[in-house]
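Just one chain follows, in the form predicted on its own, and it is written as structure tokens.
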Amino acid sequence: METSIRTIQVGMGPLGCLMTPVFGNKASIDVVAAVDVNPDIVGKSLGDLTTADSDVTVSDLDTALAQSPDVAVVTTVSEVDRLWPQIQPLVAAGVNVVSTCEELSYPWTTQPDLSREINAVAREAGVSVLGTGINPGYLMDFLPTVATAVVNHVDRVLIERIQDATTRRLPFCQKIGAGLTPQAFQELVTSGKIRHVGLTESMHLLAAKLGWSLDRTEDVVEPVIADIPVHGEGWTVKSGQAAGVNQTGRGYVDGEEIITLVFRAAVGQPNPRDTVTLSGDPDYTVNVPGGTHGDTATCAIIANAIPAIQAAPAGLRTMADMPPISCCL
């Protein structure tokens, strides 16, 4: 068997801790270090923090880099301008980066100058940088591009991700505003604290892959209001409160809406599903009844991306130009 890929984890919050056992079950991945700035967990082992059988302790970045990693998995922030100072030392040290940073999934259109900088530094260092996850990174951008392979012509794309958030992590339920009054929800929307980060990037990734140049995009965030009480473990959403978020992204070419992304995540949401509807020649629909569990799938795609990013050409990569990612051992 080939040597395992020496991997470090940067960010040991809830998502990072969920990933550790998944990495531990992959013969191709060897987690050799973990990094976090939280003083409450620095010095603790991954075995203490997760269900993984690991005596690797959480440390600082310099200590982790001393382990000569091949790949860093970074699960810290959603904004690429905040991420770049965190990963720049990794790139400079010759470490490939896979991150769940939503804006990193396709920053070429929204932040072209920073994208060019990341790409140049990564190419000079001979490493690759990839932002991916289940969404953005797969369900609402990459998967639809794959679905278009069996049609002759695409006129319009509708993508719907409808989730019952009852089983998701508490930070996710809080992020979608479950339990807030409509007024409190709207205040957080106005301040930018409630939104699914990545819809705009997904639209631009999809458009780039299909050869479309979008005139403009829009992103509308609204509450899903509970019409009956919804109960979970230790929490209740009352009738009339926000059960979650409904966010619609629209992309236009020559004034016509040709990309529509509907992201709805709410506790107690009926009929969860992931659906891609292509209008064209011929019309084509891909549907996943029940939807895709975000946490489980995110851990899987990040783990499976580790061998792919190590083998990818140097530079800032996206799922639109990566070698195919498949389940690794």
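As the structure is a prediction and not an experimental result, all values here were calculated from the model. Don't overthink the numbering: it's just position in the shown sequence, from 1.
The discussion below concerns the form predicted in complex with a further copy of the same chain, not included here.
The candidate stretches are 44 to 52, 30 to 38, 298 to 306, 256 to 264, and the one lying within 4.5 Å of a further copy of the same chain in the predicted bound form by heavy atoms is 298 to 306. Only one of Arg82, Lys238, Lys193, His153 lies close to a further copy of the same chain in the predicted bound form, with a heavy atom inside 4.5 Å, and it is His153. Scanning Ala226, Leu114, Ala93, Leu143 against a further copy of the same chain in the predicted bound form with a 4.5 Å heavy atom cut-off leaves one residue, Leu143. Taking the partner from elsewhere, every residue among Val288, Ala320 and Ser326 has a non-hydrogen atom within 4.5 angstroms of a further copy of the same chain in the predicted bound form. Proximity of Ala147 to a further copy of the same chain in the predicted bound form: non-hydrogen atoms within 4.5 Å are present. a further copy of the same chain is not drawn, but in the predicted bound form it has a heavy atom within 4.5 Å of Gly211.
a further copy of the same chain in the predicted bound form comes within 4.5 Å of no heavy atom belonging to Gly280. In the predicted bound form, at least one heavy atom of Ile134 sits within 4.5 Å of a heavy atom of a further copy of the same chain. Along 111 to 140, a non-hydrogen atom within 4.5 Å of a further copy of the same chain in the predicted bound form is carried by Ile134, Tyr138, Leu139, in order along the sequence.
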